[in-house]
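Okay, so we've got a single protein chain in two different forms coming up as structure tokens, structure 1 first and structure 2 after it.
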Structure 1
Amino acid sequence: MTHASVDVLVIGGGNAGLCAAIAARRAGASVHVVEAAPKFYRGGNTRHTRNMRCAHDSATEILSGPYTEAEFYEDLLRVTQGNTNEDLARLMIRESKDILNWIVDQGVRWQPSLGGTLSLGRTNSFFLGGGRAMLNALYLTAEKLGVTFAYDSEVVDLELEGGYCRAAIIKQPDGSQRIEAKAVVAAAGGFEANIDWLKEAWGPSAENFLIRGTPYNRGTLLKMLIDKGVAEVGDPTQCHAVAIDARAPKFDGGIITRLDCVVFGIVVNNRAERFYDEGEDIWPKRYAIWGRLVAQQPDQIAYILFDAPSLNLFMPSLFPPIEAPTIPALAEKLGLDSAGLEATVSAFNTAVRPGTFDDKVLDDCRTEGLTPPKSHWARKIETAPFYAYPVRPGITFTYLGVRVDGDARMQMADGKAAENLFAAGEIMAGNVLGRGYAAGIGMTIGSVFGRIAGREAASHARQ
């Protein structure tokens, strides 16, 4: 075992970790970042992100209008259904205004909202080149400032007692290292890639979940912190899940396996039965419930069915839809009961009322006398060829985290504040985001609390 010491040790090299590292280094501390992934996969789920939600009082070059602190807070209350810590939430929103400029000073570049994301043009700033471009810029800035990095370096133990962390033990391909630190920032993400842990909450069905992001968010550090007396926050059984293409790889399929076509057709399970109102609300407001809905179906699989007129109404995705000239032929390709699928489709078609189709608003195309109903955008599925996408639950992130205060300082289960332990990013997101999600909030939490954690850790290291 080799030995080293540093003022501030940052565990995790994503958005939150890098913001912490840069802030701590700018405050004068020596900083070392350990990243569990190999270099290419550095940065956890930040690699897959594309934007950040920040409050701003007026339009900017890339944002189409103001997004006030009050409006941001209302949006947060709505998506979390009140499951948030108001003080921390308001602090985050206040700081997000400045982060919009601070992050640019760290080399990150913005661009207007991407094609197909017009609904976010006012509230969210997009990274030019996406999340990995953002990460590359942060790494380059940190490196120029003198921050050091180690990849393939997983924390396997913490010398943590009574809220004071003396050192961390790091496992590396060529041996292990003990790093003493005056302060530690935990920014190592959630546990969504730890299938065994997911099974504790979901049972065996979690085996059939796909992980949309990094395979390295195994929650090792989170579990270690909780086991060593840090207070937890957020529901351990909850995760953010959407329905993604079932043909996606088990890990790291990212954005390109998402499907935005539920509202244009019907969704059936492997018994060829519908199970939820596909047209309940506009898609961005409902896409996050479908992961859970599919998870509750037999074998955790479902099929989105639609016909020719809908083919080009939504963003393309990685895999082409499965295509057939008739509904029974499609059923055969999907391995579903032909008669059953035909019955479901014809029952749906019979229930469709005439209306004027408009996918931009809650239109009047709906079913009548059907259970479950389809409340909007219901059009008969009758024009060949017919198409289907198989979908499975895709886990984006988990909610369980460590409790922090406004200085990003961890709180112990006994109610005391930790002495030199700070947290930022997904590992503490549950403080602000108790449930639900709104686009770009994860990155806001990462950058805002990362900067605070870095600043506070450096200040602690100086004392």
Structure 2
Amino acid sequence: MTHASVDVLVIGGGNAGLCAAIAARRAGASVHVVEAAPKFYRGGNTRHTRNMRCAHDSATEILSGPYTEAEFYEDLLRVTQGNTNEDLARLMIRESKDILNWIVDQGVRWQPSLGGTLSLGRTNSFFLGGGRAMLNALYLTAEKLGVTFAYDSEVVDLELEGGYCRAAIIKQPDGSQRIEAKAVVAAAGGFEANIDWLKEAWGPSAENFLIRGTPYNRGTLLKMLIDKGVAEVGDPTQCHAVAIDARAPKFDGGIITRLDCVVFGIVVNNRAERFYDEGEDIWPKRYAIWGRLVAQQPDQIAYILFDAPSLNLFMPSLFPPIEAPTIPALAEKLGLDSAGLEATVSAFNTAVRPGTFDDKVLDDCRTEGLTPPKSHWARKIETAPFYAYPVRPGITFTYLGVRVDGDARMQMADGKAAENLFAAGEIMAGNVLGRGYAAGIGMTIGSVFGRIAGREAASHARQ
């Protein structure tokens, strides 16, 4: 075993870890980042991201209007149904205003927002070139500042006692290494790629889940921290879970397998029955509930149905929709009961009340006398050809994590603050996200708490 020492050890090389590493290095600390993935797959789920939600007081070159702290907080309360730490949520939102510019100072570039179903032009900033370009910019900046990196490097043990971490044991292809650190920042993601752990929370149905992101987020560090006395926060069944194309790979399908067409049609389970209001709210505030909804259906499978007028209203999946000239023919292709699906579509069409269709607002196109209703964007499914996408739960990241304070410092199960342990990103997101999701918040949590964790870790190291 080889030995090394550093001021600040950052575990995890995604957005949160890089923001922490850069902040700590800019504060004068020596910084080493260990990343469990090989170099090509570095960056965890950040590789698959596109945007970040930040508060701002006025329109800019990349944002179409103001998004106040108060509105951001109201949106967060709505999607979490109040399951959030108010102090940390307000801290994140307040700090997000400055992150917009700080992230640019680290080499990241923004592009004008996308339109369409996303409806994010006012609230979210999009990375020019997507998540991998954003990652590469942060890595380049960190390397220029003198941050060092090790890939294929998984933390397998922490010398942790009473809230003080003396060293980490790192497993690498050519052996193991013991790294002493004055402060440690945990930014290694959740446990979404650990199917066995998901099954502990969800039961056997988790076998049918698809993992949208990296296969390397197995929760090894999270479990280690909790087992060694760090306080946990959140519910293991709560997560960012969207409906993704059922033909996607088991891991790493990313953004191109997500489907944004729910609001344009109806969603049925494999009994050919609708089970939820497809038009409940604007899509970015509801897209992350559909993974959980599908997970609760028989065999964890569902089908989004729509007709010809809706085909070009959304960004398509990597896979083409399944097409048929009639509803019974579509049912046959999907393996659904033809009479049942025809009855469901007929009942829906009968309940539709005409209005002025507008997918950018809560319009007046709705159903009447139908359970469940479709509150907005309800239009009859009657124009051939007819289309469908099969969908399964796509888990992005889990919300069970470590408890932190406003300095991103971990809290111990005995109620005391950890001495030199900090956390950022998915591994502590459950402090802010008790449930639910709104587009771009995950990246906000990573950047804001990453910068705080790095700054505070460097300050502790100097002392």
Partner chain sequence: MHASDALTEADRLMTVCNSCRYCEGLCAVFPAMEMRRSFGDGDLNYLANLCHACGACYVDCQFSPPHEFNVNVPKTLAIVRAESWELYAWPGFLAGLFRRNGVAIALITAISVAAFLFLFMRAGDVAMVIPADAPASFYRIMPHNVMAGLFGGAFAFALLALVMSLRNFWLDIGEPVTTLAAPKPLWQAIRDASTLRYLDGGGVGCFNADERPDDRRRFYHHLTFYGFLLCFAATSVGTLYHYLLGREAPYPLWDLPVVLGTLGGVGLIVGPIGLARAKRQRLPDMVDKSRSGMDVAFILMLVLTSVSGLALLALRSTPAMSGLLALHLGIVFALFVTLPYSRFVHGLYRFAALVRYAREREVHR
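Just so we're on the same page, rigid core means the largest C-alpha set that superposes within 1.5 Å between forms. Please note that residue numbering is based on structure 1, beginning with 1 at the start of its sequence. None of these values were measured; they are calculated from a predicted model.
Peer 1: Would you indicate whether the form predicted alone is structure 1 or structure 2?
Peer 2: Structure 2 is the one predicted alone.
Peer 1: Taking the rigid core as the reference frame, is the Cα of Gly369 displaced by 2 Å or more between structures 1 and 2?
Peer 2: Yes; Gly369 is a residue whose C-alpha shifts (by 2 Å or more) between structures 1 and 2 when the cores are overlaid.
Peer 1: Any CA movement of 2 Å or more for Arg218 between structures 1 and 2, core superposed?
Peer 2: After core superposition, the displacement of the Arg218 C-alpha between structures 1 and 2 stays below 2 Å, so no.
Peer 1: Indicate whether Ala187 shows a C-alpha shift of 2 Å or more between structures 1 and 2, with the rigid core used for the fit.
Peer 2: The answer is no, as the C-alpha of Ala187 shifts between structures 1 and 2 by less than 2 Å after core alignment.
Peer 1: Report, to one decimal in Å, how far the Cα of Glu273 moves between structures 1 and 2 once the rigid core is superposed.
Peer 2: The shift comes out to 4.5 Å.
Peer 1: For Asp260, give the CA shift between structures 1 and 2 in Å, the superposition being done on the rigid core.
Peer 2: Residue shift at the C-alpha: 2.8 Å.
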